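The chain below stands alone and is given as structure tokens, in the form predicted on its own.
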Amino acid sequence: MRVVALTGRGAALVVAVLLGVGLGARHVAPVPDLVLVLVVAWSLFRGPAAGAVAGLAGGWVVDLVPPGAQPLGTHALAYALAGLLAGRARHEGPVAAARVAVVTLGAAAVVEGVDVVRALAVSAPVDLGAVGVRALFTATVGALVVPLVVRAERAVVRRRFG
């Protein structure tokens, strides 16, 4: 059952990356960071260590899917840090949507901040307005989607352990 759950999580990460890239290719703006939403959901459900691992895996997928990141691994480290920090906000019981939005906004600030620093390091232009809108949109989507992912994770745990 554990292999099935890990495969499902991996497939969800790949689908999230492909959906984000597909929307970006269609010039839909702003595109929420769906991988980050999944990482935050798993971090809030499992804790900081699992959040860091999920972030590392999600970041690798983001790095490897075109257009990818230069240098390779920057997204992996950024998502791992975001997952670790989001997991520190974990607590037992139901989580309010406002708390999820704040945690997702903080995680988005980490990931977007790394992207801004990377762009500034190579003298690429940075639109801070677009960065802020993307982070806010990711937080809004996170407030809506994270409870659904956590509910699905709890259902898997209940089915597995009775």
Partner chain sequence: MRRRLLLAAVALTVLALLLDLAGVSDLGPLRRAAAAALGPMERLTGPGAPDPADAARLRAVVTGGPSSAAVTGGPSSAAVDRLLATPGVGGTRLVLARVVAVGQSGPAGPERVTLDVGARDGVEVDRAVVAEQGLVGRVVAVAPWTSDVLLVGSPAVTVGVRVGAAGVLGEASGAAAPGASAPDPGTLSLSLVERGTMAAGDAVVTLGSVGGRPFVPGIRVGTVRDVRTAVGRLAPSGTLVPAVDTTALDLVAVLLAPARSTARPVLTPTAAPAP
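Worth saying up front: this structure is predicted, and the values here are computed from it rather than measured. Positions refer to the first chain, counted from 1. Note that the rigid core is defined as the largest set of C-alphas that superpose within 1.5 Å between two forms.
Keep in mind the form predicted in complex with the partner chain is missing from the figure; the text below concerns it.
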Establish, in the predicted bound form, whether 10, 155 and 158 all lie within 4.5 Å of the partner chain, using non-hydrogen atoms for the distance.
-> no
Can you check whether residue 148 is within 4.5 Å of the partner chain in the predicted bound form, heavy atom basis?
-> no
So, in the predicted bound form, is residue 137 in contact with the partner chain at a 4.5 angstroms heavy atom limit?
-> no
Using the partner position in the predicted bound form, report whether residue 49 sits within 4.5 Å of the partner chain, counting heavy atoms only.
-> yes
Counting only non-hydrogen atoms and a 4.5 angstroms cut-off, does residue 122 reach the partner chain in the predicted bound form?
-> yes
Which residue, 95, 101, 131, 110, has a heavy atom that falls within 4.5 Å of the partner chain in the predicted bound form?
-> 131
Residues of 71-95 having any heavy atom within 4.5 Å of the partner chain in the predicted bound form, listed in sequence order | 71, 72, 73, 74, 75, 76, 77, 79
Is residue 121 among the residues whose Cα moves by 2 Å or more between the shown form and the other one after superposition of the rigid core?
-> yes
